[in-house]
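Next comes just one chain, in structure tokens: the form predicted on its own.
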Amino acid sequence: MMAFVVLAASIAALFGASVAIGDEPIAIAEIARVLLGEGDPVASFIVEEVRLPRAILAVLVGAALGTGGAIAQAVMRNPLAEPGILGINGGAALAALIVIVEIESPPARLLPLAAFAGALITAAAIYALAWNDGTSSLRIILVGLGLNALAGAGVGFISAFGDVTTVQQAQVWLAGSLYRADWETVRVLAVWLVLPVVGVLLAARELDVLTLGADAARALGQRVEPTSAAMILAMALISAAAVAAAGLIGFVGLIAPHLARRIGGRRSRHVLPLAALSGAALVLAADLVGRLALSPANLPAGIVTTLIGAPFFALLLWRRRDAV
């Protein structure tokens, strides 16, 4: 319970800082007046139309990435698994990029659908290519890295031959930026996440059984293949929604579940919400650092999380060098 309180307090503090701090600092008292409908017009515009949707989007994206990572690590029984590293986010980004480049001003509701299709195709390909009377950590990681590189090549090809102006805008999005956050994106992401997140939380016990391995799960009466497929589908939905909303914000899905297990144990009913809260805090912090580090320029949150996550991934690989 204390872990939930600490994480919630951290998110609240980061959220307040995200709304208050910027090129035009706004006092907490003024923010309160804006929320009550009594604020200065300029402050009201900055808070209500710029910073508030951006902070809420950071929370939703971080929670989605953390939850997706927790599902991936449980289903694949691999602490190195994460939708970004495995190429699932890359597949989602490639599909969304095609829509962005080929359709002028695509509607917000179209991007999650395209991203989901890319994520699902990539997830199915990983399972198919890594399957050999079962899966192993080494095969999953290698196949995922290969598909991630393939998706990156596709992104590079489109970037090389697409319209220059559109591609430049898409590149900022691909770097994992929240600077174009608006209320429509927030609403679409929130609606998209409700069903898969609630479904996974309700199936937390099934996720725990999956972590025991296929043979043990079958012995306990679980239908392993349909359950795994349902969880992978939920992970693809959740990850694709986050990518469609904010581009590629890497390594959050790797770091957040590890933090959650460290502070809340290994039961999925604790890990899933803690991973969501940890992911929300990570993206909020990364976005805030990105806004302040090179002010007045904005450093995309995805670059900040990569600077943290790449050494973390290397450390995990080194610790598991004998296991794989």
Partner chain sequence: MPSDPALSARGASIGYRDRAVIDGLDLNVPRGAFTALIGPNGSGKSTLLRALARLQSLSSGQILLDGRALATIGPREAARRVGILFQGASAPEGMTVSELVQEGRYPHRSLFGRWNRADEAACARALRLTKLEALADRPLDTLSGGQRQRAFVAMVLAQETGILLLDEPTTYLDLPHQLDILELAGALVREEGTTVVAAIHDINQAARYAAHLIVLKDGAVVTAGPPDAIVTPALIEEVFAVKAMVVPSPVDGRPLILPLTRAEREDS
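In this text the structure is predicted, and so the values were computed from the model without any measurement. Numbering follows the first chain given and starts at 1.
The protein also exists as the form predicted in complex with the partner chain; that form is not presented, and the subsequent description refers to it.
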| said: The chain here is shown without the partner chain. Which stretch in 41 to 49, 295 to 303, 263 to 271, 63 to 71 comes within 4.5 angstroms of it in the predicted bound form, by heavy atom distance? | reply: 263 to 271
| said: On the criterion of a non-hydrogen atom at 4.5 angstroms or closer, are Gly22, Arg33 and Arg180 all touching the partner chain in the predicted bound form? | reply: no
| Any of the heavy atoms of Gln222 lying within 4.5 Å of the partner chain in the predicted bound form? | yes
| request: Would you please decide whether Ala175 lies within 4.5 angstroms of the partner chain in the predicted bound form, comparing each non-hydrogen atom pair? | output: no
| query | Taking 4.5 angstroms as the cut-off for heavy atoms, does Asp208 touch the partner chain in the predicted bound form? | reply | yes
| Can Asp215 be called a contact residue for the partner chain in the predicted bound form at 4.5 Å between heavy atoms? | yes
| message | Between Ala128, Val194, Ala160, Leu202, only one gets a heavy atom within 4.5 angstroms of the partner chain in the predicted bound form; which residue is that? | response | Leu202
| query | Just one of Arg77, Arg109, Arg139, Arg187 has a heavy atom within 4.5 angstroms of the partner chain in the predicted bound form, so which one? | reply | Arg77
